[in-house]
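Taking the form predicted alone, here's one chain by itself in structure tokens.
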Amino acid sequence: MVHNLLERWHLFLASALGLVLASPIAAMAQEAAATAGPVDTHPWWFWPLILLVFCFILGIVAVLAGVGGGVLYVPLVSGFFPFHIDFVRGAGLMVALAGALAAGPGLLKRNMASLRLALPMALIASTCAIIGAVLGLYLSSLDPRIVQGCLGGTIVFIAGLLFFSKNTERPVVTKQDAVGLALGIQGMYHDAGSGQDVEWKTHRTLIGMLLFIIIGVMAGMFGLGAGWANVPVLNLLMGAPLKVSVATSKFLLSITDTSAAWIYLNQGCVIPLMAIPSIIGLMLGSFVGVKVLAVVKPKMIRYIVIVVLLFAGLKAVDKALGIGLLG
């Protein structure tokens, strides 16, 4: 009797240990042990609390600057926090995904996000996001500095894109191209600001679809979300109105980031102690940011964010090359 009980107890302990070793937290512990870095003496709640406060401020700034949380989260957290780049990218995708899933249904209900515009792009971007996620994790397994350096170069490029891009409210599309016509990418929405029904259609659709291959790979590889690239391509290149582009971009993110996030989840690169406080902090910050937006000058905030992104990108390159010039 006692022998049977002991056997069952050992079986229970073995199962529990197996679950713990298979969990992302154990993966972090194994990673920390493998890298043999300095031992963190802070209590377990220290970094989640710091992340919560940091992401709360980040959420406010992201709303004021008109950018997604993921594009700020990954470079800043990977540059200034002592976390492995894989875990930061996994949490970054969760942050971008949470924001997109929260906004998507409302935008579809208001007919702002176009399914006809989103689905062909989502099919391409989500497929390429899976490839990007696998490629990013492979490169990171070879040397994390490769991903860190590529991320830094991408962030510097995004900072330049944000500085120079000037979105157009309603681009003029005189003639729809054959691809857009075949896919039926056109529509109409009610602009509550002007009280008008706005009809729209696209051009240069094939070039836009090819660019979504690059966007998908970069979104999966760096965990940035892809709103920073979706909107310029949909609005400036393909000629969709700005409101339709922004809304469709949000809906696109919910599909693209889900594909890439599954790869990071499957590899144990999403740690609840990082992802949950980050998502809660950014969402609370976004609510406050919407209220603050009415009383501040977003243009000035946008320039500050561009400078911060530029610094974060250069710091990532500096960290990858091991120069140590930026601390």
Partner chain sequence: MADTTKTMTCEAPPEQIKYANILFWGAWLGILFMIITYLIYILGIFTPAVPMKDVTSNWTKPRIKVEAHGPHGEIEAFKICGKEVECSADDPDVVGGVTAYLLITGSPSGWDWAKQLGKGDFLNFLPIAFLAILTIICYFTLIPAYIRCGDYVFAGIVVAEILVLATAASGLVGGGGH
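Here the structure is a predicted model, which is why all the values come from computation and not from measurement. Residue numbers count along the first chain shown, from 1.
What follows is about the form predicted in complex with its partner chain, which we do not show.
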The stretch from 157-165, 210-218, 232-240, 250-258 that lies within 4.5 Å of its partner chain in the model of the complex, judged by heavy atoms, is 250-258
Would you please decide whether Glu169 lies within 4.5 angstroms of its partner chain in the model of the complex, comparing each non-hydrogen atom pair? no
- Query: Going by a heavy atom distance of 4.5 Å, is Ala226 a contact of its partner chain in the model of the complex?
  - Reply: no
Considering non-hydrogen atoms and a 4.5 Å limit, does its partner chain approach Pro120 in the model of the complex? yes
Next item on the list: Give a yes or no for Ala113: in the model of the complex, does one of its heavy atoms lie within 4.5 Å of a heavy atom belonging to its partner chain?
Entry: yes
Checked Cys150, Leu206, Val173, Leu108 for heavy atoms within 4.5 Å of its partner chain in the model of the complex; positive is Leu108
Contacts from 77-96 to its partner chain in the model of the complex (any heavy atom within 4.5 Å), listed N to C, are Pro82, Phe83, His84, Asp86, Phe87, Met94
